[in-house]
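Single chain ahead, by itself, as structure tokens, in the form predicted on its own.
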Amino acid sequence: MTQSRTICVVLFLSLSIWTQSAFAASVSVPRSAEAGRTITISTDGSGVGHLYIVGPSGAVERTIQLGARISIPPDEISNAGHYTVFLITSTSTETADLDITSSPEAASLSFLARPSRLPVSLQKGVGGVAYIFDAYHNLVMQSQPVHFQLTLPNTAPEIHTVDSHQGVAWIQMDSSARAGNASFEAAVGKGTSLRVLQEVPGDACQLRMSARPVGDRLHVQTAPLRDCTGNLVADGTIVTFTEIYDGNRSTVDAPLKNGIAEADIPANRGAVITVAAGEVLGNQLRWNGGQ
């Protein structure tokens, strides 16, 4: 009877020790943590265990003393995303979930501006998209005010503020009325980014020409050719002079230089002369001779 009691006591103690060992190791992890902050993980039990944290930025491994608090510095887990924590001992494996969120503080941005070249006075012709990042290159998911500014030299800047959504802010703006190189800037927090857009004159708005004899030829010349907002049309733009005489048609193409196109054509008495630049037609002349 004494031997039976002894066996029962030994079995009871063994079962108790095994049970304590099986449930001795547990891990306590914050449900979420912000990038850039130290993460503190608690364990209980006794003995040695292995801690693994696996997620988007790779894996962190520690050999730990159970029952201790473990601190994970910010530079070891900085990528936002979902992580799984494993605590492995000789008798059990415990898991926990950990979500790393981006910092709410914007540190930098990536700015895309389109197009790089466009005509003046084009409604919603300028587009900009800004991607906002924290100090660890995570998209800042919290809404941020992003300031967009479009500026031409010697003109007042056009400024708009747009709240970001899920780390992105975008805008469409009209191009300026004046031609030139425009600075297009996006700014949020301490981050700024600058792009340069070339705003070029639009199509010719009014086209006028004159004619005068030069020897046995006729010299035709346009007045300075401007778009509808007063900018000189870009040099190199082709202007076509057409002469119709006695049922025959002849044309001369001349590029703009300093806003003016000129050419020499035959001085045929009674000829009709027209001028055009793209889809814009100018005035018409009938040459009847004279000085």
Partner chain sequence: MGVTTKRRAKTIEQFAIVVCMLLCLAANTLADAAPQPLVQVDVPPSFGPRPLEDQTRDAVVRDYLKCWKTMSQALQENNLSVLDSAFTGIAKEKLAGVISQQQKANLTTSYRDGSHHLRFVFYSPEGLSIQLLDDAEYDVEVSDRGKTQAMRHVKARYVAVLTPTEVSWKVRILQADAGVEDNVTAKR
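Positions refer to the first chain, counted from 1. Bear in mind that the values here come from a model prediction, so they are computed numbers and not experimental data.
What comes next is about the form predicted in complex with the partner chain, which does not appear here.
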Only one of P145, P157, P213, G81 comes within 4.5 Å of the partner chain in the model of the complex by heavy atoms, so just point that one out.
-> G81
Looking at C205, V200, V168, L122, which is the one with a non-hydrogen atom within 4.5 Å of the partner chain in the model of the complex?
-> V168
Answer yes if any heavy atom of E61 is within 4.5 Å of a heavy atom of the partner chain in the model of the complex; otherwise answer no.
-> yes
Quick one: is D174 in contact with the partner chain in the model of the complex, heavy atoms, 4.5 Å cut-off?
-> no
Flag G55 as yes or no: does it have a non-hydrogen atom within 4.5 angstroms of any non-hydrogen atom of the partner chain in the model of the complex?
-> yes
Find out whether any non-hydrogen atom of M141 is located within 4.5 angstroms of the partner chain in the model of the complex, and reply yes or no.
-> yes
The partner chain in the model of the complex: within 4.5 Å of a heavy atom of each of L152, N231 and E262?
-> no
Name the stretch, out of 174-182, 133-141, 215-223, 189-197, where some heavy atom lies within 4.5 Å of the partner chain in the model of the complex.
-> 133-141
For the stretch 92-116, which residues lie within 4.5 Å of the partner chain in the model of the complex by non-hydrogen atom distance?
-> T93, T95, A96, D97, D99, I100, T101, S102, L112, R114
